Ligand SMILES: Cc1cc2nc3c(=O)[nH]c(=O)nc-3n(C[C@H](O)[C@H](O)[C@H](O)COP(=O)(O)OP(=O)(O)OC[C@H]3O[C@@H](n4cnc5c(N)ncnc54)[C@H](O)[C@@H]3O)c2cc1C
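Only one chain is shown below, in structure tokens, and it's the form predicted on its own.
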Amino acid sequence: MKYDYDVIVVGAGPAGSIAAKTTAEAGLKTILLEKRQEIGTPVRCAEATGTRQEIGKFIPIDDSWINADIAAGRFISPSGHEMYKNAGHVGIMLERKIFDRALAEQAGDFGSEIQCRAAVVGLTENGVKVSSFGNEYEITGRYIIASDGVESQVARFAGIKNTMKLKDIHSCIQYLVRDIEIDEECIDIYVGNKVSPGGYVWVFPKGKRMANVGLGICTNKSKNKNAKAYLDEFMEKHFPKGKIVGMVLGAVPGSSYVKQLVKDNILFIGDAARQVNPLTGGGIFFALEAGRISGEVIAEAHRKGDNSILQNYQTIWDKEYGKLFSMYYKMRKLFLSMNDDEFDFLVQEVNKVASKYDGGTNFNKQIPEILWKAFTKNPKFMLKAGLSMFK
């Protein structure tokens, strides 16, 4: 059969755009489909991600989509205890509207075709069914990459079980706030059941006295109080004169990634595969990685004419990130069991332990080890942590 395309990529977020760039660069005829009329909007993200060095592996760095360089991180406990770490360079704050468009444009530069307002409404024997401007038609392709978000319709069409338990869903809200006094090189994280049960509050600077101020809660721990009410209380206490100029709402997965990343000729990446850090909710770097790996595996399978090679994507991801995601998920379960006194103790102990680490680009990877050492300072924590690890 003659196919319209070698690769159909569904969803032009970071994962999909990098996947399309990778397959197009390998010489495969690729199309990138986006259901919205504009790539990059609406933004549903806190916009913090890894270092310039990490992101630069996927796209040349351009200051037009970087709002701020982050040098430090600060954790604040319910009683006001702080853990401050200046690691030199923790990461960057993105302007996601510009960043996402730049990723898609890069895919186009390497030869990928891009279609907006093209919603995939079903799978066919040889491709996908698309709805665009009131018309439905089929696009055929040898391989399909599903990067259509946490509510992935492609996963549903393919029969992949991707529903989440209530306890594994964070209800999130974020304000873009102007005219506030903050350290513009430091991200602040507030923990505790009074400010954000089952999650945390973030203050992520975007330069010029602006910041993304948001939080995520576990709805089964929120005592009939919604995320907006918690955020409004935080704003009243910490930034009463701040001017809210934008708002973002959404759900973020707090579970590990889906068990089946490949089904027949379909590969699932990014939020569609729940490749989001279960502890922090951060997913940009993992989305980029998934896009790159899936694209490279498809290119190899096409080159060798062997679709069994597609399973290498699952193997590579499990090897590279399986243990890390499992560790973060178990830590998340431990945090869900903690009361505010325990958060106070933990922040103080983490401060002592973290001071012995040099930080730098490896600091984020050192977090599990730092937390574990802090847990073991208290027999009660050690028991809780041990139980969490084996549940």
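None of the values given here were measured: they were computed from a predicted structure. Numbering starts at 1 and runs along the sequence shown.
Not on display, but discussed next: the form predicted in complex with this ligand.
S.K.: Do residue 147 and this ligand share at least one heavy atom pair within 4.5 Å in the predicted bound form?
M.R.: Yes.
S.K.: Residue 172: heavy atom within 4.5 Å of this ligand in the predicted bound form?
M.R.: It does: once this ligand is placed as it appears in the predicted bound form, residue 172 has a heavy atom within 4.5 Å of it.
S.K.: Using a 4.5 angstroms cut-off on non-hydrogen atoms, would residue 108 count as touching this ligand in the predicted bound form?
M.R.: Judged by the heavy-atom cut-off of 4.5 Å, residue 108 is well away from this ligand in the predicted bound form.
S.K.: With the partner left out of view, is residue 113 within 4.5 angstroms of this ligand in the predicted bound form by any non-hydrogen atom?
M.R.: Because no heavy atom of residue 113 falls inside 4.5 Å of this ligand in the predicted bound form, the answer is no.
S.K.: With this ligand left out of view, choose which of 250, 78, 242, 198 has a non-hydrogen atom within 4.5 angstroms of it in the predicted bound form.
M.R.: Contact check passes for 250.
S.K.: Would you kindly say which of 346, 68, 31, 48 lies with a heavy atom within 4.5 Å of this ligand in the predicted bound form?
M.R.: Only one option qualifies, and that one is 48.
S.K.: Within 4.5 Å of this ligand in the predicted bound form, do we find a heavy atom from each of 91, 206 and 211?
M.R.: Contact check failed for every one of 91, 206 and 211.
S.K.: The chain here is shown without this ligand. Which stretch in 222 to 230, 312 to 320, 175 to 183, 282 to 290 comes within 4.5 angstroms of it in the predicted bound form, by heavy atom distance?
M.R.: In the other structure, the partner sits against 282 to 290.
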